[in-house]
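Presented as structure tokens, the chain that follows is alone, the form predicted on its own.
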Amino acid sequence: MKRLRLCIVLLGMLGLFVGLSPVGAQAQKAAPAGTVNIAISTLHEETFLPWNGGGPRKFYLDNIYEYLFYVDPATGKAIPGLAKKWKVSPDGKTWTFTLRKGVPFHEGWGEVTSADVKYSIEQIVDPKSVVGPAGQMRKLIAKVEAPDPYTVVFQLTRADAEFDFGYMGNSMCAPICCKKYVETVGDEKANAHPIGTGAYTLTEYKKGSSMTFTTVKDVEKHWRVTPKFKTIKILAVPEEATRVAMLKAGEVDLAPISYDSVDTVKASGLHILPGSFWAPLIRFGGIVATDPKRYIPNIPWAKKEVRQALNYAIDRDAIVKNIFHGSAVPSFGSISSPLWNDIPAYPYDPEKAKQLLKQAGYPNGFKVTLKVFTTTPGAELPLLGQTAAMYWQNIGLDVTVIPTDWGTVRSEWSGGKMVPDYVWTHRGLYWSSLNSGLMVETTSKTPFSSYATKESEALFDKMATELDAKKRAKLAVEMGEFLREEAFCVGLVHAYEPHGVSKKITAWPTNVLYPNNLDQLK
């Protein structure tokens, strides 16, 4: 229950608590019928192979593909998916998965075998892959073996007690594709007409506008879930006001909305369900100290005192009240973990912030560029950026806010073409595996690191390779306290993104990391 404490608090703030159930636990017996229309702010890269785009595409990719494991929302642990059982070697470096037999790919492309798993993972970790976890998976996975059609063996470079749900589960971006299909038709055609094992297939796509998914033939016999709705149509609607208007007019049945719109949506006779958990924050560019290519030693926030000052300058309680309408809790960082529940956010203390700036050699502040953009979730990020800029100006900084898009910042941050000499709004997520989340953000092992030092790398390696759960939990607390002291980012709050929902939908047992599981809308 401790794992759910923060989740329950936030759900209570939204005035609801939906039953979160394991995958397939509420499978429908009746044949799917009708259409559910969904509006989201962006369709992201609009690509359909796991390795040619980022994680937020899971919102639609997870209709098509499935995973070796799923994460049980109630426990945060792995439950069987395409892998029905698994075992790990005593040293934590060899994981052996036994696949479920007879799971068919769409359109007669055969059943899932170990060759498909090996191929899918090797494509994801290929140097050309741009999916989010590719970097850390390259560092972690030494080899994938397929000794027989239903056995897959992963040889790791180091021990990882959370490899199953941390990398192979639906909280990450490693779904299983059909090797024969992709190799037969090629990446371009496989991307245009994706083949998976999920309950839906892509039946219509209008670039920049919409995607339509329809249940596969004989979906009532699907091994995992029989959806309620025969058709899911996802529309790109960037403007939040337009999404709210469409909800009220009955043009869409589900859409992410701002906290400002919750009351008006409820007043229209609609209801609110939580989508994914998210943690808005501000990241620092140029402070991956263990990688000279990503480190700018003379940038002001290379000094811990400056980073701490920028944290003390922000009134998180005011942000919770005025932007999130009380439906959030202050946070010191980007990752939510029950192990970190007792680590406090930075208090609002502008005088201390000024003292720290003076101590660091910036009594008159300095110039800083803050880039802002929206994500899914993350409609509030530009407003949060403007708010942070106001607080920083109050302690003497000269802040320039530049609106941009996530794709631009993503390529500058992770593409290796430049070291960002600016700061930017972003969103952290609820990582089912703390090991995975920390490896991404706080080690130089990945292209998406935004902070790393020799000490943080050593602490991470000690924690991530510890196989004893109690000892690993203690080390995780030490890591959290260290990151808070180091002010590795400007954490703001932890929250759920509210979704307006029509009366057609009564429940959505979504995973807290990504708002996926559309096949389980009720």
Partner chain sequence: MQRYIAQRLVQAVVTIFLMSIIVFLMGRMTGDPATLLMSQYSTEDDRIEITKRLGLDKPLPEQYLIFITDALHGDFGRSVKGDRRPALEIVLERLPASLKLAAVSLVIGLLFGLALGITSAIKRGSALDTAARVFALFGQSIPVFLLGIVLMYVFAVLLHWLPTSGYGGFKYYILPAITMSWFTVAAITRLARTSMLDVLNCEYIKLARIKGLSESVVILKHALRNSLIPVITFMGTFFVIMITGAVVIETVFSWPGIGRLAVETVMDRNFPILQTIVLFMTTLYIFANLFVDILYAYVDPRIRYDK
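Residue numbers count along the first chain shown, from 1. The structure displayed is predicted, hence computed values, not measured ones. Under this definition, the rigid core comprises the largest set of C-alpha atoms superposing within 1.5 Å between the forms.
Form predicted in complex with the partner chain: not shown, discussed below.
Trainee: Name the stretch: of 235-243, 334-342, 392-400, 115-123, exactly one has residues whose heavy atoms fall within 4.5 Å of the partner chain in the predicted bound form.
Mentor: Among the candidates, contact is made by 235-243.
Trainee: Heavy atom within 4.5 Å of the partner chain in the predicted bound form: which of Thr443, Ser276, Ser436, Gln308 fits that? Just give me the one.
Mentor: The residue from Thr443, Ser276, Ser436, Gln308 that makes the contact is Ser436.
Trainee: Which one of Gln136, Thr215, Ser327, Ser450 is close to the partner chain in the predicted bound form, taking close to mean a heavy atom within 4.5 Å?
Mentor: Exactly one listed residue reaches within 4.5 Å, namely Gln136.
Trainee: Is the gap between Glu145 and the partner chain in the predicted bound form 4.5 Å or less for some heavy atom pair?
Mentor: Taking the distances in the predicted bound form, the answer for Glu145 is no, it never comes within 4.5 Å of the partner chain.
Trainee: Give a yes/no on whether Gly269 approaches the partner chain to within 4.5 Å in the predicted bound form, heavy atoms considered.
Mentor: Although the partner chain is absent here, Gly269 would stay clear of it in the predicted bound form, with no heavy atoms inside 4.5 Å.
Trainee: Indicate whether Glu251 is a 4.5 Å heavy atom neighbour of the partner chain in the predicted bound form.
Mentor: Looking in the predicted bound form, residue contacts with the partner chain include Glu251, since a heavy atom lies within 4.5 Å.
Trainee: Are any of the heavy atoms in Lys207 no more than 4.5 Å from a heavy atom of the partner chain in the predicted bound form?
Mentor: Taking the distances in the predicted bound form, the answer for Lys207 is yes, it comes within 4.5 Å of the partner chain.
Trainee: Quick one: in the predicted bound form, does every one of Pro127, Asp405 and Ser411 get a heavy atom within 4.5 Å of the partner chain?
Mentor: Yes, each of Pro127, Asp405 and Ser411 comes within 4.5 Å of the partner chain in the predicted bound form.
Trainee: Does superposing the core leave Ala83 with a CA shift of 2 Å or more between the shown form and the other one?
Mentor: No, Ala83 moves less than 2 Å.
Trainee: Establish whether a shift of 2 Å or more occurs at the C-alpha of Thr408 between the shown form and the other one, with the two forms superposed on the rigid core.
Mentor: Yes; that C-alpha moves by at least 2 Å between the shown form and the other one.
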